[in-house]
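Before any questions on binding or motion, here is one chain by itself as structure tokens, the form predicted alone.
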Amino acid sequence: MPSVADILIPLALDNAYSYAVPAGLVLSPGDVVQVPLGPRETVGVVWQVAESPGGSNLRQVTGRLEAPPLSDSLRELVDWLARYTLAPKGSALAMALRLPDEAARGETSRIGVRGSGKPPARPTAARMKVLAVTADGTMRGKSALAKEAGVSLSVVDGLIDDGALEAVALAPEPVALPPDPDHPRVPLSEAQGEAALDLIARAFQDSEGGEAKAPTILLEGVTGSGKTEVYFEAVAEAVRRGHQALILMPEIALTAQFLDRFAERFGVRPATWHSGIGSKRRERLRAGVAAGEVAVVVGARSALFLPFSDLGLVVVDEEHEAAYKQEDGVHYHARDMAVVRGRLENCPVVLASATPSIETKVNAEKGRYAHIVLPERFGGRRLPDIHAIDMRLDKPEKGRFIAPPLVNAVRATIEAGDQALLFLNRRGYAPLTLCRACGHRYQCRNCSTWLVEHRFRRALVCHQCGYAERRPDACTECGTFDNLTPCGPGVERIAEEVTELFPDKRVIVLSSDFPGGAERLRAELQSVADGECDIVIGTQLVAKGHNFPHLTLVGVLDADIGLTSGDPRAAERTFQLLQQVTGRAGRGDKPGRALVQTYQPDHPVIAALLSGDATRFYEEEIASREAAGLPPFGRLAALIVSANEREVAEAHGQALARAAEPPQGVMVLGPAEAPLALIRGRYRFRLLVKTERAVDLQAYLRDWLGRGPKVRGNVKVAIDVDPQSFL
């Protein structure tokens, strides 16, 4: 009886297609295969194989590809993700199936050269320099040999052609060297050691052998308490036991300091996975992970879908970060999917944060997660003293944005030889540009957002779609000159003010949209850590776990940003951001302090920050969420309807609302025009579904969408279960 394989294609398709398996080809679930789809060939993954008498009229599988097969647990993760997010199963598969391009498949081997013992035909001075270097018999790469001898590469090539040098094909460099779990390291403090032992005991002793479920563990510690060193010990234990470990980070492109700390602990750097690595290295890394040759991977959220052969530990660093939520394509949260993958692999998951998300905090309090706390900083260092600057009383000078008390504090700090950080979570020079003569405001052509002035680029830029236009000399509406005014500050404007106040001091501005990309940011972060500047001005990227030992003062220029938004997580996110950024102060040998400019010093978030009473903030925020039935005590899902015409998007949203028929325990709100009503030329309307925790939200959504209007024309409906953004 012929075999039939159900093949899942990595496209926006929800069902697997059946193909006949040709005689002589043996397939198993998880194999990556090539199949015909319409008039072309494509790739897919075998989801199921069965014998069937009706398979003779099916199209046949073309062949099996040399790619790591998807394990049972990884395919279960794809199924789970598609069910939970209501994404097509093929779209979920596309994140786990990354096939190399042709350039990656044709990777050339490395060539090494060494002396052959044969004299050169023309013994020039340059050639003799090369032969003198190779006299020790060591194999070297061609470029390395030319550099060591101080000659051009053509001299080395000439000696190879002459036969005086022997060229030998070398094995590819390993994608990552094996980490040494017992590498000599700086001793842990007593608190860190106890926490590490507790973490290891909880993580591994009960789960090995499959007799018990591996736990999810919240590792909570104040900023500077050494959480990284603690979970490094869990990574070391996983490596000792022959397992693989995955460390997820929210900003993998900016983690040079973290990789150095890893190398200090394990003797080598880990393998890294993010969008910035080349296709050849990505292919080799995937193959190494699948073969079990790569022990530890540090990666962005997409690393969660790598084909680990023996995943023994997952760590989610800074688990509260919103960057773990993917906002396009398949809307998933990497922290939550990490917990799911841990359960499917039966491996422990460690969630590390100084300011845990409300969801994680509640799970720990209810006993769903184990909980380990580091209440003090490493080495007995004090947490920074935090004080408010009431902007109603201590107003900045006209045209400035830094209040006099903060100016004086910065001056005293740099005179003492220390560093100061000024934090403002606004990129660019000014968030709005308007004409004083006619009132015209510069808005993006594709989005309902104001254009942000970037003075270093001499451009007005949209932070939603990337549209940019040259900053005009005259108003494009009324034609008058010298009337365009920047409204409000961005970090570039603060840098201008700081340069005027402290003209002889070294200033670095850290913002993700400056020229040079991640490499420039890494270099500048390192220069801050090395004490090579006096004043740092930065956006939220400076709040993400960096260690600046010379930094003793943090000034928050606008602590009220975000407190007035309609986002139900606004208070939580503001508290987390401010707690993290003020925690950059005093991590070295000197104590630190933070000054917070605010117009609302009595706001619960600001009051909790100033008092250092995080417990009270969490208690009040959790009680507020529970009373309102918001996550994690209720469930939310957003439906975003978009179209090229506003009327079409609104009509489809209204038709969806009429078909909602919410049962008891379900509330449907909207459609309402989205706060960002136009993005990339598409008009947007939002519907929000709010349910009790016990309601099967996914089942209701499937039923609703099945009864609702069909999507036609250029209309799109995006589904976001557990939304993090309400724009």
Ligand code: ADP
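Position 1 is the first residue in the sequence shown; the rest follow in order. What you see is a predicted model; the values in this text were computed from it and never measured.
Just so it is clear, the following notes concern the form predicted in complex with this ligand, a form of the same protein that is not shown.
547 is the sole member of 600, 547, 302, 363 with a non-hydrogen atom lying within 4.5 angstroms of this ligand in the predicted complex.
Interface residue among 265, 89, 587, 652 relative to this ligand in the predicted complex, by the heavy atom within 4.5 Å criterion: 587. Although the partner is absent here, residue 188 lies within 4.5 Å of this ligand in the predicted complex, judged by heavy atoms. Using a 4.5 Å cutoff between non-hydrogen atoms, residue 381 counts as a contact of this ligand in the predicted complex.
Contact between residue 425 and this ligand in the predicted complex is not found at the 4.5 Å heavy atom cutoff.
Among heavy atoms of residue 222, some come within 4.5 Å of this ligand in the predicted complex. Partner contact region in the predicted complex: 225-233, out of 527-535, 225-233, 270-278, 433-441, criterion any non-hydrogen atom within 4.5 Å of this ligand.
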